[in-house]
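The chain below stands alone and is given as structure tokens, in the form predicted on its own.
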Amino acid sequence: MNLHANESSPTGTYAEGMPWNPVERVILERRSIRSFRPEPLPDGMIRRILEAGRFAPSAGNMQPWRFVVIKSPEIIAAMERDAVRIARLFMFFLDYARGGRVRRAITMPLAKLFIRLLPNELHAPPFMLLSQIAQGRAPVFHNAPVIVLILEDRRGVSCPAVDIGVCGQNMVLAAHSMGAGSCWIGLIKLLRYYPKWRRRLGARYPYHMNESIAFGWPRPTADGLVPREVQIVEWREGGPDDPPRYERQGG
């Protein structure tokens, strides 16, 4: 099926082989944007993005989130500086690839310990990004004109973190549908190590500062399909004892 074809199918219908409808196209074409124009988004657009998040489904309809919109260039710049400081501090103790033999002998066991304790946070991609940030080679917030924090209410039922992900996905898709770009910024958690930011941003119990999203006008426009890993999907269609059917999802 040609994603880039001009025609689109109407929503609310399905026919075999029909073109993607506008909702599907937004989902498939949205890309993370890491370069933004300096012009701010209109407040009305930001409110519509927040409304898309507000209407996200959540376990028990608990809606375990609170939004904080940051538009001040001064505040975002201060957040950037402090996040870089924490990244440098972490990498001073964890980056065993730099320095001499004595330093490596000290830092390598420490780094391995933290990687075991925090395997998701210190997986290779975030570890390398943290190193790049500490060296001044990558920004944290990508000079975005708008940062939206999605504070997680830990009193939510089931798994509030999943609800936060669903909420944020609604927001980035809504932004893309209106021509804005977005990028998840999980490294907002670096600011948790500064009590002043937890206080200023309201990230105190029961709220947890774990995710944020950068929004702005993309520079340049980068819509388009990005290759994804082919998934082998197991279909269960017969009786309980019948073998499954396997199908490749994607090509």
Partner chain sequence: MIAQLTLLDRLRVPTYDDGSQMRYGALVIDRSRCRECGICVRICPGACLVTDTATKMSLLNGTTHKGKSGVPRLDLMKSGEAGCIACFDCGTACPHGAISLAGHFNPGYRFKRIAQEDVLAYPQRY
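The term rigid core refers to the maximal set of C-alpha atoms that superpose within 1.5 Å between the two forms. In this text, all values refer to a predicted model and were calculated from it rather than measured experimentally. Positions refer to the first chain, counted from 1.
Although not depicted, the form predicted together with the partner chain is the subject of the following passage.
- Using a 4.5 Å cutoff between non-hydrogen atoms, residue 57 does not count as a contact of the partner chain in the model of the complex.
- Under a 4.5 angstroms non-hydrogen atom cutoff, the partner chain in the model of the complex lacks residue 159 among its neighbouring residues.
- In the model of the complex, no heavy atom of residue 66 sits within 4.5 Å of the partner chain.
- Shown alone here, residue 195 lies farther than 4.5 Å from the partner chain in the model of the complex, counting heavy atoms only.
- Looking at 138-146, 173-181, 68-76, 160-168, the stretch with residues near the partner chain in the model of the complex, meaning non-hydrogen atoms within 4.5 angstroms, turns out to be 138-146.
- Along 28-64, residues 28, 31, 32, 34, 35 each place a heavy atom within 4.5 Å of the partner chain in the model of the complex.
- In the core-superposed comparison between this form and the one not shown, residue 126 has its Cα shifted by at least 2 Å.
- Core-superposed comparison between this form and the one not shown: the C-alpha position of residue 88 differs by less than 2 Å.
- Relative to the superposed core, residue 99 shifts its CA atom by 2 Å or more between this form and the one not shown.
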